[in-house]
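In structure tokens, one chain follows: the form predicted on its own.
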């Protein structure tokens, strides 16, 4: 009897050991997804750090995740699980996109998304006089009806090319903002031709500068100009 019980216990131990050493044969997160957020006005939608995202949710899973856009309007994530995802751009200064698409993400999957920006910054120029920089530009709206209120316009100044909302020097950026708080349709043509002045830049330093137009949507998002390099003489 003792021999029989011993054999049964040994069998149980072997089965338990086999269960513990089961090999995980699922693939790791080795898929990648990249692309561009394209403006309907042409070129990529220029953004600021994390100001726009690609939201994706794997089919069959309940938790969505996001890929933040880069300053040049591109995005990339190289640590995704392979599979079908519902994907949509979100969070930026563009008209909401409500239709998701299904993308089969595998190795080096690419897809571009076209969005309609709230505001387009045109004819952007920068002029340096001594240590004072002047930015001039015009704003237009592809769709004016229903546009969120335009809260303000401001320069963004930083010492690196990573310049925008959350990445700027306050004393050259926030303090030189111009409050608007108007509907785009209530602004006169003169008000849509904007001048921003940034005085007292530091001699001998190099700055990277752009302009932004902030709107009162749920994200307080901004449309941005291109980034220019400004070298202040000693």
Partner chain sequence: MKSLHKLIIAVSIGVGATVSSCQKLNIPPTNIVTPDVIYSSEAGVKSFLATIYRNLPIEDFKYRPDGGEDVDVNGVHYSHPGFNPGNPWMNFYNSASVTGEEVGPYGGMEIGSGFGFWPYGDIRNVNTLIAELPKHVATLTQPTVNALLGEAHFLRAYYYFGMAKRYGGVPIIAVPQDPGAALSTLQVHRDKEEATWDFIGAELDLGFQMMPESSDAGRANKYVAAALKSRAMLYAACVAKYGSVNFVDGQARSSGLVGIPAAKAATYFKAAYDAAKLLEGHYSLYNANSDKVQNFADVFLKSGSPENIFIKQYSIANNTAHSWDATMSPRYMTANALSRSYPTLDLVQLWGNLQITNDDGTPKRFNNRAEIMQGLEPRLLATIYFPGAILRGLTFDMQRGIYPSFSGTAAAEVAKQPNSRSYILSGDTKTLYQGKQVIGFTGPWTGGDELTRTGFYVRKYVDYNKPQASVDLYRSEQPWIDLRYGEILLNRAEAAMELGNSADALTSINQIRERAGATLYASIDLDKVRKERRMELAFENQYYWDLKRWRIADVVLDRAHFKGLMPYYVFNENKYIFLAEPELFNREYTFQKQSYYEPIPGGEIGKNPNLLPNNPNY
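Positions refer to the first chain, counted from 1. Just so we're clear, the structure is a prediction, and the values are computed from it rather than from any experiment.
One more form of this protein should be noted, the form predicted together with its partner chain, which is absent from this view; the next part is about it.
A residue is said to contact a partner when one of its heavy atoms sits within 4.5 Å of a partner heavy atom; residue 191 fails this definition for its partner chain in the model of the complex, lying far away. Contact annotation: residue 186 falls outside 4.5 Å of its partner chain in the model of the complex, judged by heavy atom distances. Though the partner is left out of this view, residue 70 does not reach within 4.5 Å of its partner chain in the model of the complex, counting heavy atoms only. Not displayed here, its partner chain is kept clear of residue 210 by more than 4.5 Å at the level of heavy atoms in the model of the complex. Annotated contact segment (heavy atom within 4.5 Å of its partner chain in the model of the complex): 152-160, selected among 136-144, 152-160, 75-83, 110-118.
Of the residues in 217-231, those that come within 4.5 Å of its partner chain in the model of the complex through at least one heavy atom are, in sequence order, 217, 218, 219, 220.
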